[in-house]
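Just the one chain here, the form predicted alone, laid out as structure tokens.
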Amino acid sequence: MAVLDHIKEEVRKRNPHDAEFIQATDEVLLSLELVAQKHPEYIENGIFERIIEPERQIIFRVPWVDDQGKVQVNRGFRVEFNSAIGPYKGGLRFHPSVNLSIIKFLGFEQCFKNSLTGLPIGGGKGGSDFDPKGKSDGEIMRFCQSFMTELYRHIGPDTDVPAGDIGVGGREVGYLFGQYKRIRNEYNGVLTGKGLTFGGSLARTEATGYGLCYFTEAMLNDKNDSFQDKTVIVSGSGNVAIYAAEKCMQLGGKVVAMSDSNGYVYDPDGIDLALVKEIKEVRRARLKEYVGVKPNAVYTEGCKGIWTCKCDIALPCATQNELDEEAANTLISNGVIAVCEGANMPCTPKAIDAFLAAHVLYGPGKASNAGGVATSALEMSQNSLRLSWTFEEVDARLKGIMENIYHTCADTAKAYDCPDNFMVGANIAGFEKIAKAMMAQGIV
């Protein structure tokens, strides 16, 4: 029996309906077996038991009034997972699929991701089952104001600093910040992803996608390779996907396929990113409209089929568990050399096993998509200093952070006799910093 098996069982017993959370903890605890064998003091001090249990879980009602005058009620969440190395930091997700399991899994992953950045930020996550799609600006404003009317009492610049995530962009962050300021009568850096006119950071919009490519490029460079002349698939067409595609193209890659929740588009000539931005960011329409402008492109209903397109590099940037074992084997058969996650946990455990067995370079999301939260922490620094850095300054810091994350993962994997297993490297490196801080702070 493995040393940490009893903890896995305890997670199942306490969280029987939380499939995503169980999946995330299983993956991390498997890597941490190697640490448990080397560091019995972590077992003696209950570090593993404490790190998988959130410090605080908040669930609350969010009533709001729609444009027809009808009262609607949603559920809000904030899971403050671990504050050993800094204030809780993690996004807010507004999507119908949001439940406690998803928020807990995201918060758990956030702890390790934030640790890997090297910045002093702990892990948390939040959101609501509210769906912004199809809602008016007025409805979204009223929902955000109601949401913040409860959340404000649990957050603060030195306590918990939320950001955006799926369904929470600049518009939503603006409404949330306005309500926080109104209630608290304070102007501080309590939220990140703010507009540039009220404390936001340049390069924050691009950060997760750009950071993903900086990590991938560092991984490829380590093998004497690069994005240059590579064919790339980017799933999704939201913020992360769009800016991952943009940076990929700047680095010499050719993106041939992107998707949304309805289907995917394949363009053998290379995706016209300006057109994708117009469709998704200006029109807020479906990606299907792309083929009306680009006659050589093909649109296919159902987004899962995107992984059948031949590519050298795959960047899953849509949502959790979007890339399964079947898709992984198809990518491997088609000659993929690298898969890096822009979304949180987009590859299933069996897909990851397939990539590792085939010696495909695999970058886990907690490492490869840490650019967003890293730049959010840089926004916190600018707010505290009452300064604004240039785009080039922020981008240079982001690039350095992502390259350091890659090398930390690679070096840690080698130190634990798992060379090129960046999942093990990321899990252990992220854990060790938190564990040391928890040991120093006593049983809290």
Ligand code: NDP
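From a predicted model like this one, the values you see are computed outputs, not experimental measurements. Position 1 is the first residue in the sequence shown; the rest follow in order.
Form predicted in complex with this ligand: not shown, discussed below.
For a residue to qualify, one of its non-hydrogen atoms must sit within 4.5 Å of this ligand in the predicted bound form; none of E217, A367 and G430 qualifies. With the partner omitted from this view, the residue of K230, K194, R93, R142 that lies near this ligand in the predicted bound form is R93 [heavy atom within 4.5 Å].
This chain is drawn without this ligand; in the predicted bound form, the residue among I166, V173, A297, A354 with a heavy atom within 4.5 Å of it is I166.
Annotated contact segment (heavy atom within 4.5 Å of this ligand in the predicted bound form): 200-208, selected among 200-208, 153-161, 248-256, 329-337. A318 belongs to the set of residues with a heavy atom inside 4.5 Å of this ligand in the predicted bound form. In the predicted bound form, this ligand sits within 4.5 Å of a heavy atom of K113. Although the partner is absent here, G76 sits far enough away that none of its heavy atoms falls within 4.5 Å of this ligand in the predicted bound form.
Contact check for G238: a heavy atom falls within 4.5 Å of this ligand in the predicted bound form.
Residues of 328-348 placing a heavy atom within 4.5 Å of this ligand in the predicted bound form, in sequence order: G342, A343, N344.
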